[in-house]
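Encoded as structure tokens, the following chain is the form predicted alone, with no partner shown.
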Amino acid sequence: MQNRIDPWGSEVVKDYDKLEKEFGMEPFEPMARKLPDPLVYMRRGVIFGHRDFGRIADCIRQEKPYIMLTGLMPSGKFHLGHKMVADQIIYYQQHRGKVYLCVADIEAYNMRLASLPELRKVAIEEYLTNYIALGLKPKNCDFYFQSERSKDQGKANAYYRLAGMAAQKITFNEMKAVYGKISPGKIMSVMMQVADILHPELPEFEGRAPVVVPVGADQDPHLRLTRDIATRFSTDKGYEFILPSATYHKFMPGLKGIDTKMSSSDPYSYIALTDSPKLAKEKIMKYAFSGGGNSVEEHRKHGGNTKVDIPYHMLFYMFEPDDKKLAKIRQDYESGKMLTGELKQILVEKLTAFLEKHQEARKKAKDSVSDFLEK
């Protein structure tokens, strides 16, 4: 593991334990035991690390105000990897958190070279519509674009002012130490992210309150830098921030192997939430990497390897919430009693049921999009 993570890169984290120790994250497992009805990601260590989550757990248990903020990069099809974040957003909203949901269209414009109108279209049609279908509600949710923070001039001014002021709190050399090679586009993107994370605490928004940011492990550089910058605002009247908390989750592996990601640029690396059940089944059967033996005889003798088997990982991450049932599947597969085709069929049946239900919900969700955009 290098001592630098590239939040704009495509590399896969292979050693989360080392990452956790090297960058000073705390293990999430003790926090999961403090939460009501923790998500399967929390129970199974998919959400593996945190920074200062204790204050958020206290707010949830004591029903005190807190804020959950996360961003989305409107880069293509909304797939199961994105659903992991959506499930966390909805969990916090259901547990009385105020949701701030940022469309990082300025960052995408600078880093992905896409047009703002196209980014807006993808954010609404792919991301927001799926969020609503998964259970996101307009009440207690602030959905916004970096390029158009608010129709309220006072709020918009406060947000963009904060981004500008943040630039004075960091040096060029410090940014190089965190990100390596930098460019004007990266600098602008980082300052916008700092404003995104800190601005909910401004008096024009929620006022001083704990904020939690659930992210993939690769986004930790942004959180560390923002926490540093937050402390440097302490001498500016009206800018006394509570250090933002964060949780870090592992990536759901791509269909092609344990060391790959679901990537919007490769349609055979992911299952999109708009894929038909037929197409999803084809992807699982043809492209999902198997940990099974090369022949039935070999598999019966040696069993399957769940550490590298993608269908098993998909069940582990989100499609088999019952721990006892999952343990039985693992035991049968590793012993050779269950064949690869049988394991894949279990996943296909659960995935089909999810997609059919979700796609019906998507049709209804389109009628609710305006409720999120007219604030």
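Just count from 1 along the sequence shown to find any residue number. Everything numeric in this text was worked out from a predicted model, so none of it was measured.
Keep in mind that the form predicted together with a small molecule is missing from the display, and what follows is about it.
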### Query
Considering the small molecule in the predicted complex, which of Met84, Val99, Leu72, Met262 comes within 4.5 Å of it through any heavy atom?
Leu72
### Message
Looking at Asp220, Asp196, Glu126, Glu201 here, can you tell me which has any non-hydrogen atom within 4.5 angstroms of the small molecule in the predicted complex?
### Response
Asp196
### Query
Using heavy atoms and a 4.5 Å limit, would one call Gln146 a contact residue for the small molecule in the predicted complex?
yes
### Message
Quick check on Met285: any heavy atom within 4.5 Å of the small molecule in the predicted complex?
### Response
no
### Query
Do Val213 and the small molecule share at least one heavy atom pair within 4.5 Å in the predicted complex?
yes
### Query
Does the small molecule come within 4.5 Å of any heavy atom of Leu225 in the predicted complex?
no
### Task
Counting only non-hydrogen atoms, choose the one of 272-280, 301-309, 102-110, 172-180 that falls within 4.5 Å of the small molecule in the predicted complex.
102-110
